[in-house]
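Just one chain is shown here, as structure tokens, and it is the form predicted on its own.
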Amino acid sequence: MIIIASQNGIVGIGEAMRVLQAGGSAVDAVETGIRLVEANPHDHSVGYSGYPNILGQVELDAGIMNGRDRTTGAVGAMQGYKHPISVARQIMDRLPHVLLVGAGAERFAAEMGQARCDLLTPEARSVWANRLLQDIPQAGPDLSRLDALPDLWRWVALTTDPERADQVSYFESLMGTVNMIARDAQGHICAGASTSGWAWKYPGRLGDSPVAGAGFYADDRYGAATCTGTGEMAIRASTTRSVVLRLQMGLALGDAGRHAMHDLDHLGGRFLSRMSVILMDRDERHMGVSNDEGRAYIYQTEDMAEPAKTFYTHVPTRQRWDRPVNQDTE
């Protein structure tokens, strides 16, 4: 049995392992572990106290896949509920659908008995307001004119620019995600992801976390993968599905990861940034690959009293970011 997680999963990985040790399923473990991250007010990239979109609304995304049969549930752009991973789990268990977004996801959450919650904490609101007051003076001194701006889209490339993040910890809070992969005593695998999305994003934006095959994927026969970073890249390249497909084709774990990063390196377009992938094969061998040097993830097996940290393999890829936002489009 094993649990693998992004570093912010440290608050949930121990409880997730206790679920496995008590005979629980990999799906139970992933949901349990991620819920604790979603409830952590100190993590501004996931759940409660997550940084909001450009209008100051906290929109949550999450997805979960059962590798036993690849059943999947996901939610996107959901407001007002703290635990999108549990709503995603209930979609997987109760509906013929895979993905619910916006008002539909919120209605379903209420029907499932989830409690409403004000997700925007004073700390997160303060950071949002200070950032936008610097970047968008047209919004007014109290941001009261922000929602009325006729060209809100022009400012998103500036406010979401990863190169404006001066410290790694700040970058993580802007674009972070909690990823978790579990393999239980019966050999079943689950992968899940949850995020408050890209800070200051355009309203309604979905990243890779609620998209099966982009931000998460699991198949008992071969393995699993999850992503953190610029979700648009993982969506375009179907990154986690490509990892598991390469394992299915017989590639070694390291080769599967490096091929996935090389595929990202061949993406074109105006917006390419950081991406990290955690992958595990069906025999619980695991590794991470990242274009961001020095990153680490955590893991814990049933015979470990505490989780351990290990570093991603660095695979450089091209990065670029179009910064002008005040010129007319062609």
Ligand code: ASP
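Don't overthink the numbering: it's just position in the shown sequence, from 1. Predicted, not measured: the structure shown is a model, and the values here were computed from it.
Only in words, not in the display: the form predicted together with the ligand, which the text now covers.
Listed stretches are 114-122, 74-82, 204-212, 95-103; the contact stretch with the ligand in the predicted bound form is 204-212, by a heavy atom cutoff of 4.5 Å. For the chain shown alone, residue 240 is not a contact residue for the ligand in the predicted bound form, no non-hydrogen atom being within 4.5 angstroms. The ligand in the predicted bound form comes within 4.5 Å of a heavy atom belonging to residue 229.
With a 4.5 Å cutoff on heavy atoms, residue 223 does not count as touching the ligand in the predicted bound form; it lies far away. The ligand is not shown here, and in the predicted bound form it never comes within 4.5 Å of any heavy atom of residue 257.
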